[in-house]
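Shown below, as C-alpha coordinates, is a lone chain in the form predicted on its own; questions about how it binds or moves come after it.
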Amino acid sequence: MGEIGVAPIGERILDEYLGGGLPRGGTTLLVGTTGTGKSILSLQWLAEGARRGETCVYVSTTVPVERIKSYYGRMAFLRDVADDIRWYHMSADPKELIPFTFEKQIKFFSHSMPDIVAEDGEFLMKVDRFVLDSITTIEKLISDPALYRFIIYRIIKHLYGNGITTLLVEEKDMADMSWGETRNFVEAVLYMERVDLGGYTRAMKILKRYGVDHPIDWIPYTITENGIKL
(Lines give C-alpha, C1' and ligand atoms only; values in the text may rest on other atoms or scores of the structure.)
Protein backbone atom coordinates (compact mmCIF):
# COMPACT_ATOMS: atom_id res chain seq x y z
CA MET A 1 0.00 0.00 0.00
CA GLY A 2 2.96 2.31 -0.31
CA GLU A 3 5.14 4.12 2.12
CA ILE A 4 3.50 4.82 5.49
CA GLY A 5 2.15 8.35 5.75
CA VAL A 6 2.23 9.20 2.04
CA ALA A 7 0.39 8.41 -1.19
CA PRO A 8 3.01 8.65 -3.97
CA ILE A 9 2.21 10.32 -7.30
CA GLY A 10 4.63 8.10 -9.20
CA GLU A 11 6.81 10.92 -10.51
CA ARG A 12 10.07 10.31 -8.67
CA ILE A 13 11.38 13.87 -8.40
CA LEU A 14 8.01 15.39 -7.47
CA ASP A 15 7.42 12.70 -4.85
CA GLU A 16 10.87 13.44 -3.43
CA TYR A 17 10.03 17.15 -3.16
CA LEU A 18 6.76 16.24 -1.41
CA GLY A 19 8.41 14.06 1.18
CA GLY A 20 7.37 10.85 -0.57
CA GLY A 21 3.96 11.89 -1.92
CA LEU A 22 0.68 13.45 -0.86
CA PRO A 23 -0.22 13.25 2.87
CA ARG A 24 -1.92 9.92 3.50
CA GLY A 25 -5.39 10.38 4.97
CA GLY A 26 -5.21 14.15 4.39
CA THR A 27 -6.31 16.60 1.71
CA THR A 28 -4.26 18.26 -1.03
CA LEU A 29 -5.39 21.19 -3.20
CA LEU A 30 -4.20 21.23 -6.83
CA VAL A 31 -4.69 24.68 -8.37
CA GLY A 32 -4.01 25.89 -11.91
CA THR A 33 -5.23 27.65 -15.02
CA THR A 34 -6.67 25.87 -18.05
CA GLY A 35 -4.28 23.63 -19.99
CA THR A 36 -1.63 23.23 -17.30
CA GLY A 37 -2.21 19.50 -16.75
CA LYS A 38 -4.21 19.44 -13.51
CA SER A 39 -6.43 16.56 -14.57
CA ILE A 40 -3.44 14.61 -15.89
CA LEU A 41 -1.57 14.96 -12.60
CA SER A 42 -4.63 13.95 -10.58
CA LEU A 43 -5.17 10.90 -12.80
CA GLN A 44 -1.47 10.06 -12.65
CA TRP A 45 -1.82 9.98 -8.86
CA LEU A 46 -4.87 7.69 -9.08
CA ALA A 47 -3.11 5.42 -11.58
CA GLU A 48 -0.22 5.00 -9.16
CA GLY A 49 -2.67 4.05 -6.43
CA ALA A 50 -4.48 1.57 -8.67
CA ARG A 51 -1.17 -0.13 -9.47
CA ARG A 52 -0.64 -0.53 -5.73
CA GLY A 53 -4.01 -2.25 -5.35
CA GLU A 54 -5.74 0.75 -3.77
CA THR A 55 -9.38 1.73 -4.30
CA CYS A 56 -9.28 4.92 -6.37
CA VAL A 57 -12.21 7.21 -7.22
CA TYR A 58 -12.36 10.02 -9.78
CA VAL A 59 -15.32 12.43 -9.73
CA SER A 60 -15.78 15.02 -12.48
CA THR A 61 -18.06 18.03 -12.01
CA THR A 62 -17.39 19.32 -15.53
CA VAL A 63 -16.56 17.06 -18.49
CA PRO A 64 -18.48 13.73 -18.62
CA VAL A 65 -16.22 10.99 -17.26
CA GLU A 66 -16.79 8.83 -20.34
CA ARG A 67 -14.99 11.48 -22.39
CA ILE A 68 -12.24 11.89 -19.79
CA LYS A 69 -11.64 8.15 -19.60
CA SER A 70 -11.71 7.82 -23.38
CA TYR A 71 -9.23 10.65 -23.91
CA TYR A 72 -6.73 10.12 -21.10
CA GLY A 73 -7.19 6.35 -20.97
CA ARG A 74 -5.21 6.04 -24.20
CA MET A 75 -2.14 7.62 -22.58
CA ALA A 76 0.60 5.26 -21.40
CA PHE A 77 0.44 6.29 -17.73
CA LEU A 78 -3.23 5.32 -17.42
CA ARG A 79 -3.86 2.72 -20.12
CA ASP A 80 -3.19 -0.39 -18.02
CA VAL A 81 -5.24 0.68 -14.97
CA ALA A 82 -8.04 2.85 -16.40
CA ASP A 83 -10.62 0.12 -15.75
CA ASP A 84 -9.43 -0.29 -12.16
CA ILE A 85 -10.40 3.31 -11.29
CA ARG A 86 -14.00 4.10 -10.32
CA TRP A 87 -15.32 6.94 -12.51
CA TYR A 88 -18.26 9.20 -11.60
CA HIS A 89 -19.88 12.36 -12.94
CA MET A 90 -21.50 14.87 -10.60
CA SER A 91 -23.90 17.51 -11.87
CA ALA A 92 -26.92 19.13 -10.28
CA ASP A 93 -29.75 21.55 -10.79
CA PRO A 94 -29.17 24.31 -8.19
CA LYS A 95 -32.85 24.03 -7.28
CA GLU A 96 -32.11 20.59 -5.85
CA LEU A 97 -29.53 22.02 -3.44
CA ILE A 98 -31.13 25.31 -2.36
CA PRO A 99 -30.97 26.17 0.48
CA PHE A 100 -27.37 24.93 0.49
CA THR A 101 -26.51 22.74 3.47
CA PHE A 102 -23.80 20.21 4.20
CA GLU A 103 -26.45 17.50 4.51
CA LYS A 104 -27.78 18.23 1.01
CA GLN A 105 -24.26 18.19 -0.40
CA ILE A 106 -23.60 14.78 1.17
CA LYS A 107 -26.90 13.44 -0.17
CA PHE A 108 -25.89 14.71 -3.60
CA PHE A 109 -22.60 12.81 -3.30
CA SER A 110 -24.67 9.73 -2.49
CA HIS A 111 -26.89 10.16 -5.55
CA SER A 112 -23.81 10.57 -7.76
CA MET A 113 -22.04 7.45 -6.46
CA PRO A 114 -24.64 5.33 -4.64
CA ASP A 115 -22.41 2.25 -4.54
CA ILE A 116 -19.84 4.15 -2.46
CA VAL A 117 -21.73 6.69 -0.32
CA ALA A 118 -24.99 6.06 1.52
CA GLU A 119 -27.61 8.81 1.84
CA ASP A 120 -26.54 9.48 5.43
CA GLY A 121 -22.97 10.10 4.22
CA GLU A 122 -21.51 6.82 5.42
CA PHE A 123 -19.00 5.23 3.06
CA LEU A 124 -20.04 1.76 1.94
CA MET A 125 -16.47 0.68 1.16
CA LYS A 126 -12.93 1.71 1.98
CA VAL A 127 -11.70 4.39 -0.44
CA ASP A 128 -7.95 4.99 -0.52
CA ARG A 129 -7.60 7.82 -3.05
CA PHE A 130 -10.30 10.30 -4.03
CA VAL A 131 -10.16 13.07 -6.67
CA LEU A 132 -12.82 15.79 -7.04
CA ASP A 133 -12.24 17.64 -10.33
CA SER A 134 -13.15 20.39 -9.85
CA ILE A 135 -14.35 22.07 -6.69
CA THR A 136 -14.66 25.33 -8.63
CA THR A 137 -18.02 24.11 -9.93
CA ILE A 138 -19.27 23.76 -6.35
CA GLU A 139 -17.82 27.15 -5.38
CA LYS A 140 -19.55 28.88 -8.32
CA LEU A 141 -22.79 27.06 -7.59
CA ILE A 142 -22.87 28.16 -3.96
CA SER A 143 -21.53 31.67 -4.77
CA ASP A 144 -21.65 32.82 -1.13
CA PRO A 145 -18.01 32.72 0.13
CA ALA A 146 -18.94 32.22 3.78
CA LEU A 147 -21.34 29.39 3.01
CA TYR A 148 -18.87 27.75 0.64
CA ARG A 149 -16.15 27.97 3.31
CA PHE A 150 -18.44 26.23 5.80
CA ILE A 151 -19.55 23.47 3.42
CA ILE A 152 -16.11 22.70 1.96
CA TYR A 153 -14.69 22.53 5.50
CA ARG A 154 -17.39 20.03 6.49
CA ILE A 155 -16.79 17.94 3.35
CA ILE A 156 -13.02 17.84 3.93
CA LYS A 157 -13.56 16.95 7.59
CA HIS A 158 -15.95 14.16 6.57
CA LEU A 159 -13.44 12.70 4.11
CA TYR A 160 -10.67 12.99 6.70
CA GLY A 161 -12.85 11.22 9.26
CA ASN A 162 -13.16 8.29 6.85
CA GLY A 163 -9.39 8.10 6.37
CA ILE A 164 -9.60 9.03 2.68
CA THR A 165 -6.60 10.61 0.97
CA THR A 166 -8.15 13.40 -1.10
CA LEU A 167 -7.00 15.56 -4.01
CA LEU A 168 -9.20 18.58 -4.77
CA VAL A 169 -8.71 20.29 -8.14
CA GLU A 170 -9.38 24.02 -8.42
CA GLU A 171 -9.60 25.92 -11.69
CA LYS A 172 -8.05 29.40 -11.63
CA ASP A 173 -9.51 32.17 -13.75
CA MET A 174 -6.62 33.94 -15.53
CA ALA A 175 -8.52 37.23 -15.17
CA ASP A 176 -8.95 36.74 -11.42
CA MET A 177 -5.93 35.27 -9.67
CA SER A 178 -7.30 35.67 -6.15
CA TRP A 179 -7.11 32.52 -4.03
CA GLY A 180 -10.16 30.65 -2.84
CA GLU A 181 -11.00 29.54 0.67
CA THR A 182 -10.12 25.87 0.23
CA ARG A 183 -6.39 26.44 0.73
CA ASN A 184 -7.04 27.14 4.42
CA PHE A 185 -8.27 23.60 5.13
CA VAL A 186 -5.68 21.41 3.40
CA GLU A 187 -2.26 20.02 4.26
CA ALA A 188 -0.68 20.63 0.86
CA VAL A 189 -1.14 23.02 -2.07
CA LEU A 190 0.32 22.56 -5.56
CA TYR A 191 0.03 25.40 -8.07
CA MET A 192 0.41 24.79 -11.84
CA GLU A 193 0.86 27.67 -14.28
CA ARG A 194 2.46 28.91 -17.51
CA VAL A 195 5.38 31.13 -16.50
CA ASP A 196 8.17 33.03 -18.25
CA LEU A 197 11.42 31.29 -17.39
CA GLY A 198 13.36 32.70 -20.32
CA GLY A 199 10.49 31.60 -22.56
CA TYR A 200 7.02 30.50 -21.49
CA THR A 201 6.81 27.01 -20.06
CA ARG A 202 4.60 25.02 -17.72
CA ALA A 203 5.86 25.10 -14.14
CA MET A 204 4.53 24.32 -10.68
CA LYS A 205 5.12 25.52 -7.15
CA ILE A 206 4.66 23.62 -3.91
CA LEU A 207 2.96 26.36 -1.92
CA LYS A 208 2.36 24.23 1.14
CA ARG A 209 3.20 20.73 2.36
CA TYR A 210 3.01 20.36 6.13
CA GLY A 211 6.00 18.66 7.72
CA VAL A 212 8.21 18.76 4.61
CA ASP A 213 11.09 21.10 3.78
CA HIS A 214 10.11 21.51 0.12
CA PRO A 215 11.44 23.81 -2.63
CA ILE A 216 9.60 27.11 -3.03
CA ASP A 217 10.77 28.10 -6.53
CA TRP A 218 9.04 27.34 -9.84
CA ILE A 219 9.62 23.74 -10.97
CA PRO A 220 9.39 23.32 -14.79
CA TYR A 221 7.58 20.23 -16.08
CA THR A 222 6.37 18.68 -19.33
CA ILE A 223 3.27 16.71 -20.23
CA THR A 224 4.11 13.37 -21.84
CA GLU A 225 2.48 10.03 -22.64
CA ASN A 226 3.73 8.92 -19.24
CA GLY A 227 2.11 11.86 -17.44
CA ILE A 228 3.70 14.89 -15.79
CA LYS A 229 7.49 14.74 -15.88
CA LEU A 230 9.87 17.11 -14.06
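Numbers follow the displayed sequence, beginning with 1. The structure presented is a predicted model; accordingly, all values stated were derived computationally and were not measured.
Another form, the form predicted in complex with a small molecule, is not on view; read the next lines as being about it.
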Give me the residue from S39, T61, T28, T182 that has a heavy atom within 4.5 Å of the small molecule in the predicted bound form. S39
The small molecule in the predicted bound form has a heavy atom of only one listed residue within 4.5 Å, and of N162, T33, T55, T201 that residue is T33
So if I measure heavy atom distances to the small molecule in the predicted bound form, which of the stretches 108 to 116, 124 to 132, 148 to 156, 68 to 76 falls within 4.5 Å? 68 to 76
Closest heavy atom of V6 to the small molecule in the predicted bound form, within 4.5 Å or not? no
The small molecule contact at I223 in the predicted bound form, heavy atom, 4.5 Å: yes
